[in-house]
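Okay, so here's just one chain, in structure tokens, the form predicted alone.
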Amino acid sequence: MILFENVGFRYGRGPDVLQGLSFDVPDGAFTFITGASGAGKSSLLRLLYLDDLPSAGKISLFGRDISTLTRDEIAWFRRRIGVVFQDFRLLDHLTAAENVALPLRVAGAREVEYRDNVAEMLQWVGLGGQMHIRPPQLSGGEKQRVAIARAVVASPDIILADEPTGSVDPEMAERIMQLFMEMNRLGKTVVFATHDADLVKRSKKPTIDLKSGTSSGGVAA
């Protein structure tokens, strides 16, 4: 499902952020991306979400070289990818339910078609009672769970998570981790970027470790 072949990436004319990166993530796998701050984890996820193209090498998603995609194809591919951003990216003027519904609204669905699905997603992440609360009134952990619900409400094939447990306490981190594990059990391919070595060790899942923009410690399988 995801294939990197000798991928390099830089911002403009700056130094390489990623270089010589090769790995594959099969359909339905749960894979960690680890590494210290600045190792390139967020940049790797930007490539996977089609925010950027590699400056070297080749990336294939769903069997297609992403450099060959048209604008319309990129939009369609993005609908198959759910993203949990490190900074949540919730809209403060919308309620939790309205934030979760955004991917469905963008896809053209009517409220009558998605209302029950949105409520079910918020119930699933433990926020059924906060549907009509806006982000400024939510805790960090609650905002994170709203972001998770938004990422999965449209049933994407791939779920990308950028440090989803980085700003919550250990108990909430474990709860969030279990949500991603459940998504994976439902057949979703999960790519989970984190610097939490203990979390990775407990999970016993395949890991791609980035060191100064290159991978070490094995290839996802």
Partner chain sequence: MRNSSLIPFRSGGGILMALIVAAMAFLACFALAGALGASKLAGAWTDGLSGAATVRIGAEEGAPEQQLDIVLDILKSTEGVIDAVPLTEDEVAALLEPWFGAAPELSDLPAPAIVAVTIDSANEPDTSIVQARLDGAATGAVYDDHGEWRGRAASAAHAVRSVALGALIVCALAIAAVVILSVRSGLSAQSANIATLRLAGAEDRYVAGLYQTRYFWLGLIGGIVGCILALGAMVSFDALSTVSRALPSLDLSGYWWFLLLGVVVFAVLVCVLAARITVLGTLRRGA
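Quick caveat, the model's predicted, so the values are computed rather than measured. Residue numbers count along the first chain shown, from 1.
What follows is about the form predicted together with the partner chain, which we do not show.
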Inset, instruction - Verify the flagged residues Tyr49, Arg89 and Tyr114 against the partner chain in the model of the complex: is each one within 4.5 Å by a non-hydrogen atom? - result: yes
Legend entry - Touches the partner chain in the model of the complex: Pro103 (any heavy atom, 4.5 Å): yes
Legend entry - Heavy atom of Trp76 within 4.5 Å of the partner chain in the model of the complex: yes
Inset, instruction - Give a yes or no for Ala97: in the model of the complex, does one of its heavy atoms lie within 4.5 Å of a heavy atom belonging to the partner chain? - result: yes
Inset, instruction - Evaluate Arg150 for contact with the partner chain in the model of the complex, applying a 4.5 angstroms cut-off between non-hydrogen atoms, and reply yes or no. - result: yes
